[in-house]
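Listed next as structure tokens is one chain, alone, in the form predicted alone.
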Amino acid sequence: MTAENVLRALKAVSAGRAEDAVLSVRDLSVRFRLRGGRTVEAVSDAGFDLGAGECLALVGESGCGKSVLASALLGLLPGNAETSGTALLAGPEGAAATDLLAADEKTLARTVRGRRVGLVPQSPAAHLTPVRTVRSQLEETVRALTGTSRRARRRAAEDAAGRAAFPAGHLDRYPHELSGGLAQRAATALALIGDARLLLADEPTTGLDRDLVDRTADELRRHADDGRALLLITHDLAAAERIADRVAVMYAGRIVEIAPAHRFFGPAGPRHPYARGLLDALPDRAFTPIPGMPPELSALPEGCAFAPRCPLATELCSTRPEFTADLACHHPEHPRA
């Protein structure tokens, strides 16, 4: 990480304080009710602050609850979901904050989604209208958010496409005519329109080659650098290292560590054994996979969910560790030399 990125990360420490936060999440939990009376604890007691000008990367293995958390913030969960906790989104200057978990559908649809919170979805095909071209969807989004003239809408749509590296020659194509990578870039362009104060990017680099991953990540970083907040949900640790100020590590529905990116990816490394395992599994590091498999969210153990896979586990790990000082672990590792 460059000295510039380290300085940016240090500034983000103060930007992410609760009193300055664009988004302040406390005790966010999501439970799904299943047939037969069973439940799935998809997210448990998640908490973090996200400040203006900051990028927080939420990382972890597939199925750990990252995308469920994002869906909860936008009220996009299915009917069998139950949420608890608070997620306060700062209001416009002088206005009260909005609790995204308590807001009704009318409020979310009319004043939050696309206006105050932009979304780059994990599955772009589900968010693109199949019977309309990419250009028409971009221009309609511009019209809904800004109400500008037709010529201005066209320019704004083309500008958003350019920012997302979506080729101008494909603007008049329909979603079914796009590759997965192009659909992802079209969805990113839609999310960038309106310059929402908070952007949720859920696996925004899926299906892209490395050059486009870097270009997309850099554009999302510019969104934050302009004074907005970015929650990057990703399994791509290289993209997270490139643009994140802080990293939140999620395992089995729970955030187990939050660390400054320069420490997380630097020589000191993370302190939670699972977070270290994620880094050690990378090809440019030890290339050593974490043994075992994550637990089923419908059958979580009583204590530390990572204990069955952890080389440091003891009897103490049969009790659930509290999340204190940005860490939930009975046996945190010391910083590497």
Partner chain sequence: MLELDTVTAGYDRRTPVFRGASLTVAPGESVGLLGPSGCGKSTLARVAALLHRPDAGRLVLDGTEVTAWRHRAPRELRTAVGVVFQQPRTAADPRLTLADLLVEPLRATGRRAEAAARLAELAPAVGLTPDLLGRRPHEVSDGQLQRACLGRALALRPRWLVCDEMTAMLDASTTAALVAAVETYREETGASLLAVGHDRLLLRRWCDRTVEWQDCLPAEERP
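Predicted, not measured: the structure shown is a model, and the values here were computed from it. Numbering follows the first chain given and starts at 1.
Not pictured, yet referred to below: the form predicted together with the partner chain.
- Of the candidate stretches 105 to 113, 150 to 158, 229 to 237, 261 to 269, only 229 to 237 has residues with heavy atoms within 4.5 Å of the partner chain in the predicted bound form.
- At a distance of at most 4.5 angstroms from the partner chain in the predicted bound form, none of the three residues Val142, Arg215 and Leu220 contributes a non-hydrogen atom.
- Of the residues given (Asp209, Asp99, Glu82, Glu177), Asp209 alone sits with a heavy atom within 4.5 Å of the partner chain in the predicted bound form.
- Proximity of Asp27 to the partner chain in the predicted bound form: non-hydrogen atoms within 4.5 Å are absent; the residue sits far from the partner.
- For Pro301, no non-hydrogen atom is located within 4.5 Å of the partner chain in the predicted bound form, even though that partner is not displayed.
- Not displayed here, the partner chain is approached by Glu61 to within 4.5 Å at the level of heavy atoms in the predicted bound form.
- Among heavy atoms of Leu312, none comes within 4.5 Å of the partner chain in the predicted bound form.
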